[in-house]
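Here you get one chain, nothing else, as structure tokens; it is the form predicted on its own.
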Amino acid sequence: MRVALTYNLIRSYMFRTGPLDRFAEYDSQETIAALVAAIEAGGHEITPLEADECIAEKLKAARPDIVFNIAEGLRGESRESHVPAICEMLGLPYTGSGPLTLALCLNKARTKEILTLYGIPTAPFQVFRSPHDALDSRLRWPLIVKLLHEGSSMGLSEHSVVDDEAALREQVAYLTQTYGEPCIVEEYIVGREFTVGVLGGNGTPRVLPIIEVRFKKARGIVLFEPDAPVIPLILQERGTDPEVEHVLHAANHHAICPADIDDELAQRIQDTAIRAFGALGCRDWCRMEMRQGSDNQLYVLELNPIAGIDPTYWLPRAARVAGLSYAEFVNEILGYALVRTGLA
């Protein structure tokens, strides 16, 4: 099978100015090499294609049987949907979720609206387009301030959880000015955090072993941590200025897989993950975050249908706990797409 791998590569010049996490979702050369080796191990012929402005022409020239897509997109609030939309326009089968699902999941507010429609609990929220927007009085402190349509902990810091309106407006002002996009403000769920990987969609999805994220502080959140291969690029462009020093030493959590939980909670997490996967129309693979509140309720925080799949990332690590090698994990994702599109 001829497979085209579409991706966005992180480059050193991207770290010259602005916050270090602006391109947190792009991939390193090492990740691309690992994926190429994994797909080749599945017996396929692979053509890596960087998803720049010429990706349509590249795909037409490559003429693949299927596209393995991990491209995050270059710009815009629906950037993750660009490559799948181009594939559909060209009549090319591809792995993963469709353009609508990717656009919805990248917008945290739209994700939450759909989860609520399907009766899946999620934290109450409000979108802020300006630090001067009126605060919904029904929201309960503490609150957490996030970028509306970004992932990979982009924009999150020790200032993200706020206890009063002054701190809230200061953080909204910083994020909107620095990143040029709206914020979502939601009630901060105090409790245990779980990361859940889901594979499949051709029938009953498969839930991978559950990961629990444990924090050093009571109000912990997962902060941006650059991948090891990217660190030399950061140091090359920025040296060891205070922001670099802070980011390189910002680890505030560790992950446990499988999570140390009882069967009842594990079943509830699995059921919630499958319901959320279906509600947003996800296909082939997805990673999602949820928290167990003080009321024992599980709250879905967000879904990432193009979750990072470098061998060191959480999703492949959970697959490894399930007994899958990295090549087996990658080719299982590809296999679901081949079956779904009638190529296998």
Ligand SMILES: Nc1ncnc2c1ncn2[C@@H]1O[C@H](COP(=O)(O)OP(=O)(O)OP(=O)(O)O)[C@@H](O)[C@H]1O
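Keep in mind that what you see is a predicted model, and the values were worked out from it rather than measured. The first residue of the shown sequence is 1; numbering continues from there.
What comes next is about the form predicted together with this ligand, which is not displayed.
Proximity to this ligand in the predicted complex holds for none of R206, I269 and A319, with the criterion being a heavy atom within 4.5 Å.
When this ligand is considered in the predicted complex, only one residue from I120, I144, I274, A103 comes within 4.5 Å through any heavy atom, namely I144. Interface residue among A259, I221, A167, L92, judged by heavy atoms within 4.5 Å of this ligand in the predicted complex: I221.
Among heavy atoms of S153, some come within 4.5 Å of this ligand in the predicted complex. A residue is said to contact a partner when one of its heavy atoms sits within 4.5 Å of a partner heavy atom; Y174 fails this definition for this ligand in the predicted complex, lying far away. Residue contact with this ligand in the predicted complex: T31 places no heavy atom within 4.5 Å of it. At a distance threshold of 4.5 angstroms between non-hydrogen atoms, E237 is out of contact with this ligand in the predicted complex.
In summary, the region of this chain contacting this ligand in the predicted complex, judged by heavy atoms within 4.5 Å and restricted to 187-195, 260-268, 94-102, 228-236, corresponds to 187-195. In the predicted complex, no residue of 66-80 lies within 4.5 Å of this ligand by any heavy atom.
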